[in-house]
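Take a look at this single chain in structure tokens; it is the form predicted alone.
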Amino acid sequence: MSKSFPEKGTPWEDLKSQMATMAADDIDWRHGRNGYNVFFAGEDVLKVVKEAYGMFMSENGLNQGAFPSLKTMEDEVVEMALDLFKAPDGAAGSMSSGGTESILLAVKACRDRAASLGKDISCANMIIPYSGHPAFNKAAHLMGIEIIRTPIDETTRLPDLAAYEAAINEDTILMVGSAPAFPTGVVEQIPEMSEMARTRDLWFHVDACVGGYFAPFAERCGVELPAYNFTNPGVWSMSADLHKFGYAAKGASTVLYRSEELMKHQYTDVDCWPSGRMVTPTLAGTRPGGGIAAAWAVMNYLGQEGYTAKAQVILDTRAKMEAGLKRLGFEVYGDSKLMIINFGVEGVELYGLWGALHARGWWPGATSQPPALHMMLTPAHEAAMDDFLVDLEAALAEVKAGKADAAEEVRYS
């Protein structure tokens, strides 16, 4: 152990300098060097988020009786989300700390509802394509649910619907589709999948954590997508992250339900301790007020017009990137249409290319099965795209010449 608790305090200016030094080797996300961790929509948006967060950073969203301002803001964020995803009258939802918590809450609600209806959940399972987020595995592990992953097509990156349907059995309580899936960027066949669930009276969840706050505005820009929201009668819940393309502060997400009856199973109600009954809507106890306030502020600051303008910038950047990739001999995999690009080139060692880009200060993602490089575009990539394509060409030449060191493995952490 090399660091002990300091005996005396250190002046803030000194600490601030130390922190800046620590950050010197962090990826330069403001200038588009990062491929999936940060969602930077401009200094003006960042200023709104920081100031709104700071105004409510000490308030606790757990006790909204004491802080009715936070209740108002959370209620309005959820109402805006339900409107955006075309939820029916009577729909409900809440904010959470991020996509993983939103997913865990939806799985909990599904499991607890199944139990309340008398279903034996000791052997319960959920059906999810191979492209689904690992948070579902986390939920399955914590809640004693078997997770069944079904194949995706290596060409289209879409789920194999025949295999997906064949996996459903008498112990299935939950089915999942993504809009879009993080690894592939593809909006999956939500209408078909949700109809499979509807005809069996099974819970169907749409994981829109990555692109939920992008897809509706991409549609306003003319992008055509399969219906991925509550317009499908089989969709019972959705998750969508505000701290991604909602451009809010980390961590903020939304989990939404077709009805209050479904959502009530999200809550935890405990009265077996000295302080009396405690009802919590999410997994967390304390809920940072700053996250709620920042989400409310940025949604109102940008409005649909602002979000649509940001979406258009990303779509234009994507078109430029695709043209550059084609010029360099790369193939773009799957018909993703949105902000995620999965790409590769025949006969070139993937990890060597990935490592050569890292060495040039870029931090793209990668997928291993099927192998590809992976970029999630944000407004920050508009100004960076020319430089990225120049460095990609140089990295490609280096790998072909056998001069690049391979990165060890694909890992998102």
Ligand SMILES: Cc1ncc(COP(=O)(O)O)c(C=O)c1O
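Numbering starts at 1 and follows the sequence shown. What you see is a predicted model, and the numbers here were worked out from it, not measured in a lab.
The form predicted together with the named molecule is left out here; the points below concern that form.
In plain terms, the part of the chain that comes close to the named molecule in the predicted complex, with a heavy atom within 4.5 Å, is 201-209 out of 111-119, 139-147, 303-311, 201-209.
At a distance threshold of 4.5 angstroms between non-hydrogen atoms, residue 182 is in contact with the named molecule in the predicted complex.
With a 4.5 Å cutoff on heavy atoms, residue 105 does not count as touching the named molecule in the predicted complex; it lies far away.
Among residues of the shown chain, residue 287 is not one whose heavy atoms approach the named molecule to within 4.5 Å in the predicted complex.
Although the partner is absent here, residue 100 lies within 4.5 Å of the named molecule in the predicted complex, judged by heavy atoms. Interface residue among 318, 258, 133, 157 relative to the named molecule in the predicted complex, by the heavy atom within 4.5 Å criterion: 133.
Residues 243, 244 are the members of 242-256 with a non-hydrogen atom no more than 4.5 angstroms from the named molecule in the predicted complex.
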